[in-house]
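First comes one chain, alone, set out as structure tokens in the form predicted alone.
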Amino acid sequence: MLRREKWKIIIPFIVPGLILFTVFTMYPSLRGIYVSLFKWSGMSQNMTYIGLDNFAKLFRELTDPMDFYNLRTYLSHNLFMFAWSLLTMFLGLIIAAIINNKPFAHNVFRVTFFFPNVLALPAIAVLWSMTLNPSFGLVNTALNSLGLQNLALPWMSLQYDFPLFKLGLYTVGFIGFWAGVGWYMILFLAAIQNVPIELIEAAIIDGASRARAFWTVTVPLIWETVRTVLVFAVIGVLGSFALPFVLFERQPQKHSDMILNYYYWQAFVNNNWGYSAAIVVGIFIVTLAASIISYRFFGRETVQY
């Protein structure tokens, strides 16, 4: 009787969320898988069933070095952004550790680092596009006024060569770094603050420095958070779209576009919705596999305290 009464209370709270999740998440996802099996312009009711041809085309573009689009180029950009994400995670962890020790004005620094997360990514892109404008941007203006004209580079250029990639792609990575470090800081700070201070003090009494106590005591105790943040980073990198799209004026740019930008051009410019759906399904499979691998290879025994 008590169990039945409990479910009478629980179900009214579960059902609305379940309906919203089904309508706005599950159905579009399953619909995308269905559409990937068709040739469809997205502008009519005529859908031609072609089976796995869209996936065969995707695989051919991914593996053929003579293909014009060469999806490996776009995926290399995503991989480059993942390297930036790892750097962002590391710095966010260090900042969280420093702020946890409550230095002078630590609350001000915490708010300052987290502030970019209040802004939407398109707004951040517009802000930095003006700041880094080679003609009137704040960065180059300051460098020129200091007599450092050689350092006043065309930061948004996709023709200026840099090691491995164009300079504009490094700019995208830096902006993502600036925007994301505060988010990682907050996640790590919340985890660090739950670590019992007695364990840290015991390590210090045993002769460990604060840095050693952090890496050998604190980090293992927050490893679940580290692993979860790593999965978030993988998902975020494969979902990168807004920054290059806004920074480079909503035009196809092979030297800066990510895999989702390619999906966008196929769907909304080429009206090739079946193939674009296959791209998204491929991204989902890669994201799922990367998440499983992250949990498998970075998993370790959970420490309870």
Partner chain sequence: MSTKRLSRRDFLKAVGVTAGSGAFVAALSACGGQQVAQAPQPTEAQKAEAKPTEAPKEAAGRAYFDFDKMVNKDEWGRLPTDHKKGTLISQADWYKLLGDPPTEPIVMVGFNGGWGTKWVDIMLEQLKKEHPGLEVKTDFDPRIWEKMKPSLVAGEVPDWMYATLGGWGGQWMQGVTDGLVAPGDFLLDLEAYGFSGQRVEEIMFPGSLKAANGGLTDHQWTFPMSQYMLGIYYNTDLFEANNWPSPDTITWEEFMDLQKQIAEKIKPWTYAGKYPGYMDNVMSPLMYKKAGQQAYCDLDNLVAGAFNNPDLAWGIEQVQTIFKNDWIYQGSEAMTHTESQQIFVDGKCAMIPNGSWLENEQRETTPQGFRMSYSGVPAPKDGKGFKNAIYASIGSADLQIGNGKHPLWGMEIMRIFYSPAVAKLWAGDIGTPIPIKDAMQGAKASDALQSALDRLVKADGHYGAISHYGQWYPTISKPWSDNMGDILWGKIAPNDILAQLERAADEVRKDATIEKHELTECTDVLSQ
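Just so you know, these numbers come straight off a predicted model, no measurement behind them. Numbering follows the first chain given and starts at 1.
There is another form of this protein, the form predicted together with the partner chain, and it is not shown here; the text below is about that form.
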| message | Using a 4.5 Å heavy atom cut-off, which residue among 154, 196, 122, 220 comes into contact with the partner chain in the model of the complex? | response | 154
| note | Residue within 4.5 Å of the partner chain in the model of the complex by heavy atom, from 59, 34, 268, 27, is 268
| said: Among the candidate stretches 111-119, 158-166, 95-103, 82-90, which one is within 4.5 Å of the partner chain in the model of the complex when only heavy atoms are counted? | reply: 158-166
| Within 4.5 Å of the partner chain in the model of the complex, all of 55, 284 and 294 (non-hydrogen atom) | no
| query | Do residue 240 and the partner chain come within 4.5 Å of each other in the model of the complex, heavy atoms counted? | reply | no
| query | So, in the model of the complex, is residue 247 in contact with the partner chain at a 4.5 angstroms heavy atom limit? | reply | yes
| Looking in the model of the complex, any heavy atom of residue 145 within 4.5 Å of the partner chain? | no
| task | Consider residue 236 of the chain shown here, and say whether it contacts the partner chain in the model of the complex, taking contact as heavy atoms within 4.5 Å. | result | no
| Residues of 128-157 having any heavy atom within 4.5 Å of the partner chain in the model of the complex, listed in sequence order | 129, 133, 134, 135, 136, 154, 156, 157
